[in-house]
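Encoded as structure tokens, the following chain is the form predicted alone, with no partner shown.
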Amino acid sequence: MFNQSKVNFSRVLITALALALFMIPSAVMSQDVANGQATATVQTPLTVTATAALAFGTVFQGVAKSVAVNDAAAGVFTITGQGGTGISVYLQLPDYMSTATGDDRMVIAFSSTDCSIDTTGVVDPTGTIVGWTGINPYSLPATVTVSGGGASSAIFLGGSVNPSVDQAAGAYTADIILTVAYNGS
């Protein structure tokens, strides 16, 4: 047995749903769509170049030798990138220099005033430095600005070597690593 009132109710419900479906497209037609864009411009890549080695020249057993940060023999790194943008700089400094075979080592040291950073394009350590002078190479400024107008910024590095009284003769070298990165400022 089936109930006639339930069938009638089902027909009314189906009719109401059908009418509701016909009303929905008119509401959708009143909507609009817009397309936006996402844009970005990638800045000029940073380039860092070791343009001059920190050159101690000839040293003698048991006699320390220093190179000042504003000496012609100072180490020089040049940095080019998008002018006027902020970068972070970090120096990784060695504790010693060694011979090519690595058999002998000589102490190298950096004082709290052995670094200068020029932000105006000066790449000569003996020139007038505008930026930071006589700073600690282990604690560089948090943000350095790349020179504007396409000029290079430069980092100058002095230091000292301390050969022992029985230091083996030969050529000694060490890597000094400068890392630079845009920091968004």
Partner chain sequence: MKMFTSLEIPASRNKTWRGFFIILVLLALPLVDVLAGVLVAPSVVILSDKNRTGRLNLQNPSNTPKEVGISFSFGIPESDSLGNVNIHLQDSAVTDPRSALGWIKAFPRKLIIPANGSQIVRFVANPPKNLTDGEYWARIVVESQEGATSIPMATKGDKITTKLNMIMRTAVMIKYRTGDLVAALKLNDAQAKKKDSLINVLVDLSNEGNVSYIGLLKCRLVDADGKEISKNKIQLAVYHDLKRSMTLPLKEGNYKKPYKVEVTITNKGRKDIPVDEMVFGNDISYTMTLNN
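Just so we're clear, the structure is a prediction, and the values are computed from it rather than from any experiment. Residue numbers count along the first chain shown, from 1.
In what follows, reference is made to the form predicted in complex with the partner chain, a form of this protein that is not presented.
In the model of the complex, residue 113 stays away from the partner chain, with no heavy atom inside 4.5 Å. Using a 4.5 angstroms limit between non-hydrogen atoms, residue 130 is distant from the partner chain in the model of the complex. Among heavy atoms of residue 154, none comes within 4.5 Å of the partner chain in the model of the complex. Residue contact check for residue 54: one or more of its heavy atoms lie within 4.5 Å of the partner chain in the model of the complex. Proximity of 76, 85 and 176 to the partner chain in the model of the complex is complete: all three residues have a non-hydrogen atom within 4.5 angstroms. Between the options 70, 143, 66, 136, the residue in contact with the partner chain in the model of the complex by a heavy atom within 4.5 angstroms is 143. Contacts of stretch 158 to 174 with the partner chain in the model of the complex, defined by any heavy atom lying within 4.5 Å, are made by 163, 167, 168, 169, 170, 171, 172, 173, 174, listed in sequence order.
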